[in-house]
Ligand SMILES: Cc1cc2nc3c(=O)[nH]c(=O)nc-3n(C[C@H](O)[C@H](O)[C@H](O)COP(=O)(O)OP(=O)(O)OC[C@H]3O[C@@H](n4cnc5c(N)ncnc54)[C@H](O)[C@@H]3O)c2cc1C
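As structure tokens, one chain now follows by itself in the form predicted alone.
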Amino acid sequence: MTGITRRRLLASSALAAFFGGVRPVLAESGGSLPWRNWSGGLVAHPRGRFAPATELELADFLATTTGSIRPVGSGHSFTPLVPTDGHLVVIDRLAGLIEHDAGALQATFGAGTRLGDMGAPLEAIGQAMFNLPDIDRQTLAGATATATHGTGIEFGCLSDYVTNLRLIAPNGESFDVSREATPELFDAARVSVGALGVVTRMTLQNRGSYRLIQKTWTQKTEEVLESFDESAAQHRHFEMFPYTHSDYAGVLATDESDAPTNNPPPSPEADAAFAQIIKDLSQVPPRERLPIVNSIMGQSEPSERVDDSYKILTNVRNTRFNEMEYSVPIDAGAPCLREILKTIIDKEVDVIFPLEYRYVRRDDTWLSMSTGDEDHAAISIHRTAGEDYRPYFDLIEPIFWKYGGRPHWGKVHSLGAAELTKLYPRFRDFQEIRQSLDPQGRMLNDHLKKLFGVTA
């Protein structure tokens, strides 16, 4: 194990390669080619696919067709937001930098732009996003529609940085949405789970380009938790990855830096060696793993890397998996995490993937996980795509509920309108706007009908 750094422990495709990117295959409208999400757990047989090259083409399509419509980005959601037997609207061609304001540090992108394709053009105009999630394969529309977020007590979800957007309603009508012109629609449309129409472009509030240094190390989970608030306040970004059946967690602290670039790619040989260690560990019964995992973690080496912000904040994640994530009020974060880790040990859950624990700033969107007057702790659990995640997730989900958790819209959860109405103060207001924009329910599939309590 000597020589394998904390960065490789976190980046290893065998352990914590949390995300990757595969674009959906397109078929001619009217074809029967099935659609699958990235993890492979969701399958649909849409009547057709439509990939508009312009907003006018999209508006005309919506105005002249009937039946259900679901927009699709990169297929990274683990909940069935996309599956439909109607039409999929693929927004890949509505992509790229459209315009920017150098003085205001704002930039407008097509909503189908992958997050990973935004860093370089922003850098070319002297701008950078305030924050990014761990992976960058999602579309801008998909990431904001599900309130996808990064790490940091000073940073809200991506939707919190949207200043304007264009929405094409199910009847083909176009809306330019902003806080000044349409405040309620603005707060609803920034996190909409694709239920209000199809977003075609977004303007983001950015900042000047910057560089980051990220330091990683291993530490006892309880030690990290005891000082987590202080560490989160001290560092621009601070998070940890508690290992199951272990006393240890991987820790990441990220701050701005003027140091020269130092970001070599992980060694394939080291990754292969670590993959073998994980394979061997998986053969050990869960109740016997703690001393072995503790020994491995105790030998890992700290590491650091420096690069442009967008190259540090995101990672390439290739191993496929399914994920559940809830946010809980920040004061409930540590107790909730402790109970989850204890339950995994007590129930001898055979899982090697680490958890993820981080803070997210409050915001004023209606359906964000962190909406309201308090910051939140986000906690994630994972299961590799080849395994049945349901027994594990079914065991842990009630723990999130116990601590007032709200589900990530793109991650596995089982809640419906009755529970969600209690968790989101503006949930009924969102339902009213959804009904006004889509009275026929064209944007709804079975999953969204459950979310919004639509029975007809």
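The numbering used is simple: start at 1 and walk along the sequence shown. Quick caveat, the model's predicted, so the values are computed rather than measured.
Omitted from view is the form predicted in complex with the named molecule, to which the following refers.
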Report task. Please determine, with the chain shown alone, which of 387 to 395, 420 to 428, 407 to 415, 46 to 54 has non-hydrogen atoms within 4.5 Å of the named molecule in the predicted complex. Result -> 407 to 415
Requested in this report: Flag residue 109 as yes or no: does it have a non-hydrogen atom within 4.5 angstroms of any non-hydrogen atom of the named molecule in the predicted complex?
Outcome: no
Query raised in the report: Would residue 305 count as a contact of the named molecule in the predicted complex, using a 4.5 angstroms cut-off between non-hydrogen atoms?
Result: no
Query raised in the report: Applying a 4.5 Å heavy atom distance criterion, does residue 76 contact the named molecule in the predicted complex?
Result: yes
Report task. Please check if residue 367 has a heavy atom lying within 4.5 Å of any heavy atom of the named molecule in the predicted complex. Result -> no
Requested in this report: Note which of 358, 87, 245, 383 lies within 4.5 Å of the named molecule in the predicted complex, where distance is taken over heavy atoms; exactly one does.
Outcome: 358
Report summary line: The one option of 336, 251, 118, 143 with any heavy atom within 4.5 Å of the named molecule in the predicted complex is 143
Query raised in the report: Would the named molecule be touched by all three of 133, 139 and 198 in the predicted complex, meaning a heavy atom each within 4.5 Å?
Result: yes
Report summary line: Restricting to 249 to 288, the residues within 4.5 Å of the named molecule in the predicted complex through any heavy atom are none
